[in-house]
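Shown here is one chain on its own, the form predicted on its own, set out as structure tokens.
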Amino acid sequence: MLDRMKSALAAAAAVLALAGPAGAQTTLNVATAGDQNMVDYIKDYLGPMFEKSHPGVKVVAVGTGPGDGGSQKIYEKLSAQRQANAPAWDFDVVVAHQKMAGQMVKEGLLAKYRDKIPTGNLVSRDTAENSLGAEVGGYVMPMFHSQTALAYNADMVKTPPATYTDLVDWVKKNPKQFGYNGIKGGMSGVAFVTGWVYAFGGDADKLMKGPYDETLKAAWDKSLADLKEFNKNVVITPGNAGTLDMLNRGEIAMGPVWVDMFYTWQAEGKLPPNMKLKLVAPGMPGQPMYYAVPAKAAQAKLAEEFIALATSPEVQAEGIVKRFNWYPGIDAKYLQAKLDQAAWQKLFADITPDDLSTKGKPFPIAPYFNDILESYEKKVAN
């Protein structure tokens, strides 16, 4: 594993070494974790747009791989350059996941830049301030938010549950019509279970922000016993896609899904238009990716201008919402005037910007997250 990571970093360094073609005065190096679509988004969409408004600047996008592993590589690169006492670091902008963003802030690898850019005051969600227990306020701008919610067949469910408590009552009256994938079949099931603990376990705010108290999990016993009872009347699906498949076939009427996957499937005709979404109270988790500026970025000022462009309402509307069906990193209310009515209705008809602000929750800090998964295995799944 270490060899592969070193090879990936060497490859990224080689790309950067080749950057700065003849005629370009300045190179802005953007390193992004995530899948290839993240790299393509920088290379094909944001980069050309930024270069057009900044003559003489060339944007170079480097992918470090999907998942937390990709963010780990960014962290290792910055950490190594600091240890080497490099006067300027290779990356000017980084796009990272929550876990490593928090780690990089703790270790002083990122610059505090958000107050310097004009879009810095357009963010409203907690994830802009706290990342799985790490204080990141000022150091990050959310690029987008993925969000889980309940998908339901509006022909079969005329009045969807508004809260987790309503859902419990609905499942009692409609056994085997609700499905989710537990905690081993995908993150939508994990998100549903986490939302359950937020709803019934007590002190959800502490789970999301810390500090960690190992004894707190004992207070979850009643809620987990109730979840085990709840599971007797639900269907355990094979995964995120499996939940959508079963909804599509009418085998279940409701289940938790990732919103962007829901809308992508619907746009591709894999889900009929009578499928709707509901974000129930007190809320369900989602997760952002962050734009950040390394503490010794060679082009820090340009990096700030790049992130300001990338988090502008215009780009968030066209690039994030319309291209990917993701929710924006900034408060969605700033996008309404930038989207045509059809695009706005598509993404926000079922889940409003206010729903996102009040019921779009982060995942818990890492030790509570591990406790929830462990407790589910011991007290619900056995």
Partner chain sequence: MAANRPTLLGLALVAPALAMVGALFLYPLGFSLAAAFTGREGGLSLEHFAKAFELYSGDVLFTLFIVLAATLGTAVIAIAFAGMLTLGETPWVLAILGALYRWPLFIPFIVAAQCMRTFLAKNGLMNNSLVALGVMEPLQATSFLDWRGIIITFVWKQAPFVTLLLAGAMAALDRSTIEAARNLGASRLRSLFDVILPQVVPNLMVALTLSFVTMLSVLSVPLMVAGSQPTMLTVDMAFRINSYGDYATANALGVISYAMTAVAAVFYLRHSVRKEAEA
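Keep in mind the model is a prediction, meaning the values are calculated, not measured. Residue numbers count along the first chain shown, from 1.
The same protein has a further form, the form predicted in complex with its partner chain, not shown here; the description that follows concerns it.
* **Contact at Glu251, Lys378 and Asn382 by its partner chain in the predicted bound form, all three, heavy atom at most 4.5 Å** => Yes: each residue has a heavy atom within 4.5 Å of the partner.
* Please check if Pro238 has a heavy atom lying within 4.5 Å of any heavy atom of its partner chain in the predicted bound form. => Yes - in the predicted bound form, heavy atoms of Pro238 and its partner chain come within 4.5 Å of each other.
* Close approach of Lys184 to its partner chain in the predicted bound form, 4.5 Å, heavy atom -> Contact check for Lys184: yes, within 4.5 Å of its partner chain in the predicted bound form.
* Quick one: is Gly242 in contact with its partner chain in the predicted bound form, heavy atoms, 4.5 Å cut-off? -> So Gly242 counts as contacting its partner chain.
* Using heavy atoms and a 4.5 Å limit, would one call Lys99 a contact residue for its partner chain in the predicted bound form? -> Flag for Lys99 set to yes.
* To do: Go through Ser79, Asn231, Thr264, Thr163 and name the one with a heavy atom inside 4.5 Å of its partner chain in the predicted bound form.
  => Only one option qualifies, and that one is Asn231.
* **Listed residue that, although its partner chain is not shown, lies within 4.5 Å of it in the predicted bound form (heavy atoms), from Asp68, Glu314, Asp354, Asp44** => Residue within 4.5 Å of the partner: Asp68.
* Which single stretch, out of 205-213, 174-182, 299-307, 278-286, brings residue heavy atoms within 4.5 Å of its partner chain in the predicted bound form? -> Looking at the other structure, the answer is 174-182.
* Even though the chain is shown alone, can you say which residues of 125-148 have a heavy atom within 4.5 Å of its partner chain in the predicted bound form? -> The stretch 125-148, when checked against its partner chain in the predicted bound form, contributes no residue at the 4.5 Å heavy-atom cut-off.
* **CA-CA separation of Lys333 and Asn153, closer or farther in the predicted bound form than in the form shown [shift of 3 angstroms or more]** => Farther apart, which means the C-alphas of Asn153 and Lys333 are at least 3 Å more distant in the predicted bound form.
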